[in-house]
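Two forms, one protein chain; structure tokens for each follow separately as structure 1 and structure 2.
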Structure 1
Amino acid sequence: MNEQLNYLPSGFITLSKNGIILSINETLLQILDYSSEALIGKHVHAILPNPARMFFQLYFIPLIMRKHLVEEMYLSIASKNGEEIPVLINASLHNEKEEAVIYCVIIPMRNRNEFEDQLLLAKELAENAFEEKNEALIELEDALKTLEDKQEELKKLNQQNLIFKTNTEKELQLAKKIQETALTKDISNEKVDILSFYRASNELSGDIYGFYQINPHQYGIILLDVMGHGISSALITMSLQSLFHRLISQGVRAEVVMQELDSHLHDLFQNNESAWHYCTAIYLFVDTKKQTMEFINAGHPPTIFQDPAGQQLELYATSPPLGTFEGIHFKSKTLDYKKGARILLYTDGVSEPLGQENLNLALQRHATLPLSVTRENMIVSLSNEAKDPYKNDDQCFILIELK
């Protein structure tokens, strides 16, 4: 090798087309810390670490064989003590005496390599950050989509709910009408006036009443208040109504009427405690010929009885409410009346907003006016109290005048 090539300020090596080292300059030997005898005749793999050997076979050989030129190939070479040195290689292929010879110039590039490593690292970090950002964005989009789906679902449910509510309201209005048709009409004749008032809360009513002329001189009057209001209470009133309608119309004795209603309630709920309802009730049996009035009060607010002189008597409960204890023995009380006596029966939906004393007064105040005036005044008073919290209870009262 000539002096200039030998001391060129970069490595110089020649290889056979198979990669056998044919010559190597002093500069490269110094970099590698080998003597020329140790390397000449060896395969170039001797100075390449494993990955570089692969790369050499996969890229260097095809390029040099096909293009006869390799430019700026990055590789690493290994010195005698195993140190890896990053290098740039330029190579060309020449045919000398019908044999191909590969000339390689090898330039160590430790600093530049460090710089490139940093660039690659920065690139990788940027890619990772970008990836993370994208993932976060995708997650956010997913969350948004989920939210929108949920909102859409909610909207649908709301619509369904609205339809359901409208249907239910219609049904309830219809049920209310049906319930009202079960109520008996006012009675007014030469012996007796029986007037009623009935106003259900927004829901179906738990109040029910009925009055019947059993025969020309006997009347049965009943008022019941099933605990609570709403559909379940209303259904119970309807089942009780059909029962008392039959019993009272047939002129069955007061004790039996109450006994039957009581056992009906027990029958309804004997196997189902969670559906259990009780009911307060008052039953009056009036005989206009004997001028007597028989009554049983099962846990109901006291009925007000007023004699023609304006003296009032309150008919308190004679037994617990219907459907509470099994085996209650109902016993009626009887009192005589004089013509002109008046009676007021009511549920707590009336007494609570107006006050017990006002009921007594209402009956007294208009004692000389027709019974219908008393009723009107009471309705007005109830309407005036409509703002108060009791407005949501069912309201029902019955006024009787015995003539």
Structure 2
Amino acid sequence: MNEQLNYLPSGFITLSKNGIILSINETLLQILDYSSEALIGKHVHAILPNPARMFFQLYFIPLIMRKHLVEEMYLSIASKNGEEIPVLINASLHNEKEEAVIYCVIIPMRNRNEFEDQLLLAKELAENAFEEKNEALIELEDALKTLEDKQEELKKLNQQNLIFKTNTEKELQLAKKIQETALTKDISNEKVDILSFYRASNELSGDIYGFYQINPHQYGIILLDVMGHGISSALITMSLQSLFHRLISQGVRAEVVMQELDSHLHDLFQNNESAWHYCTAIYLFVDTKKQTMEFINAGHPPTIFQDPAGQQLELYATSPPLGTFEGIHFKSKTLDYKKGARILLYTDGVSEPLGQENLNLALQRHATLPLSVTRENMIVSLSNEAKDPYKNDDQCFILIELK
């Protein structure tokens, strides 16, 4: 065998038509770990495992004899230590010196099998990944469907909430009008002018007032501020309003009026501390014939009394707020007044944005102007001071001129 065939990068072997090994190159000997002496003259079965021997006899020999050519036939050969080596065989049949000789080129396929195994493994991984992807996609579609169902359910709930909110706002506006309807109208006659201003916050108001002409020369004026605002406070104001309306209209004494209101608040919440409310209140009883004014201030901001000369007196609290302590004894104080005296009652929704000093000045600056002008000027001042911290508070004041 010449040098080039001997060291081909693949195995080369020649066989007789009966399968006897005639020659074998060095490359194949190294693969099989045999010497040439051990194989030359032996049948090719010597390097074939049993399954390959049968395949060789059934397919290789008939094919090479009939077509004189075998291309890309896969089978295994066996090394000296019994290792099976997958190979690819190309073979052709030639006549040399009137004898048939089979040339075989044998290419080991170890790496190819490894590559094929890797490809199969990669394919399996890809198929698994694809299956997992499909399962994840199905789960994602299920989750999306669930999310869409939830969104639809949320839309329905939002729609129901919107309807509920709209209906509630309508009911609150109606309640607000009812609350305002309960307020008394201004009084103006030859003995007294009583003018009021009332502006509820966006919610129902916790402020309530009332003034009544008891008889031709007696008047009762009351202003209350229930803790907080909203529905609960509004319900309490309406409850108190019906009570003080009846008491004051009947000319009941100031001490009794405040005592009854205080008892009413205690009765309302005696078994429910979580719903407990209190309120500040001031009640004035004016007798235009005697030119006297009785007052009881239950924790309310000081009422400003101004005589005709412009001298002012602040009527501070004479008792704690209504509904705070049981057994409070309310006692009125009495002032004499002269014609032309003016009085300002207000809630903290007025004093906080304007400031106490400005309220005093509001009476003094406009002492000679009609009382209605003083009221309009105060309303303008409140509008100018309608900053955010005060927008959500109720505003109420009462101006009185004793003629």
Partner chain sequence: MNSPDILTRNNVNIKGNGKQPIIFAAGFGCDQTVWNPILESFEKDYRIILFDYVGLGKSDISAFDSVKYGNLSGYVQDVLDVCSALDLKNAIFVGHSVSSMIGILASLQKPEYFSQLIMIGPSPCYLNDPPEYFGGFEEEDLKGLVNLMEKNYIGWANAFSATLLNNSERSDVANELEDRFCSTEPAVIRAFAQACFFGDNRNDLPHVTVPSLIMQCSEDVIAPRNVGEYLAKHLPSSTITFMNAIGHCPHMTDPVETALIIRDFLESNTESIMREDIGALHE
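Rigid core here is just the name for the largest C-alpha set that superposes within 1.5 Å across the two forms. Here the structure is a predicted model, which is why all the values come from computation and not from measurement. Throughout, residue numbering runs from 1 along the sequence of structure 1.
Shown second, as structure 2, is the form predicted alone. Of the residues 119, 195, 238, 61, the one at the hinge where one rigid part turns against the other between structures 1 and 2 is 119. Relative to the larger rigid part, the smaller one is rotated between structures 1 and 2 by 59°, as taken from C-alpha superpositions. Structural comparison between structures 1 and 2 after rigid-core fitting shows the C-alpha of residue 125 displaced 5.0 Å.
Look at residue 31: with the core superposed, its C-alpha moves 22.4 Å between structures 1 and 2.
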